[in-house]
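The chain that follows stands alone, in the form predicted alone, written as structure tokens.
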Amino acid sequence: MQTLAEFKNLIHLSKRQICEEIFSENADKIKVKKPERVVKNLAKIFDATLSISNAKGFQAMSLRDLSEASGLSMGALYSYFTSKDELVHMIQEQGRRVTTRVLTEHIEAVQGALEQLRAVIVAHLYISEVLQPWFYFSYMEAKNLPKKQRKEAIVSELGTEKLISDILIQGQTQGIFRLTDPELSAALVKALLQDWYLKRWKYRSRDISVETYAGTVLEWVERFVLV
């Protein structure tokens, strides 16, 4: 099984790259046009947003809170987004894009339903470890998001489950997976994956690494799905 360090080296995902992608996708909305400054300040804004939100909630966060935590003036903040709704959309959309890309690449890199199931489980746990503040924020704040963003969050979660259920259906067709309800099974697998980034404190207190957790999840899932 791939280690977290190997995973990080493979995907080459950095905060800078994420902010560069966000700038590229939102260049028409961001008033500042100097790439270096934009990338640097976006990193400050997103770090501060996730930190404040995961401590007291996004809805409770004021732009003054964000200004103080990021070190940027209120006027500077408005150069990057026009409202909290636009800010949360930028954060959510980029996180979903990165996650979908990483999972898809890992699935396509291997052959066979069992190997693909292993790949998506490990990749999901590792990407949630790398982007843990975003995953925690996305789950905890989903119910408080504006209707449009809330719907997008639901679609994203169901999309991940569909990746898993499609692999389960493929394995059933090949005769290597037991005939179970693929959608329900995918939902149960997703719950195991979510437990890692929602309750990391529990596993840290028991000195359980993400690699150990991934190996255990794989063992449980394989015992359940394999013929």
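Everything numeric here is computed off the predicted structure, so don't read it as measured data. From 1 onward, residues are counted along the sequence shown.
One more form of this protein should be noted, the form predicted in complex with the DNA, which is absent from this view; the next part is about it.
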* To do: Sort through 34, 162, 199, 29 and report the residue having a heavy atom within 4.5 Å of the DNA in the predicted complex.
  => 34
* Which listed residue (132, 144, 100, 79) meets the criterion of a heavy atom within 4.5 Å of the DNA in the predicted complex? -> 79
* Give a yes/no on whether residue 63 approaches the DNA to within 4.5 Å in the predicted complex, heavy atoms considered. => yes
* Give a yes or no for residue 53: in the predicted complex, does one of its heavy atoms lie within 4.5 Å of a heavy atom belonging to the DNA? => no
* Asked: Closest heavy atom of residue 150 to the DNA in the predicted complex, within 4.5 Å or not?
  -> no
* To do: Evaluate residue 96 for contact with the DNA in the predicted complex, applying a 4.5 angstroms cut-off between non-hydrogen atoms, and reply yes or no.
  => no
* **Site check 41, 72 and 84: each within 4.5 Å of the DNA in the predicted complex by heavy atom** => yes
* Which one, 187-195, 173-181, 63-71, 154-162, holds residues whose non-hydrogen atoms are within 4.5 Å of the DNA in the predicted complex? -> 63-71
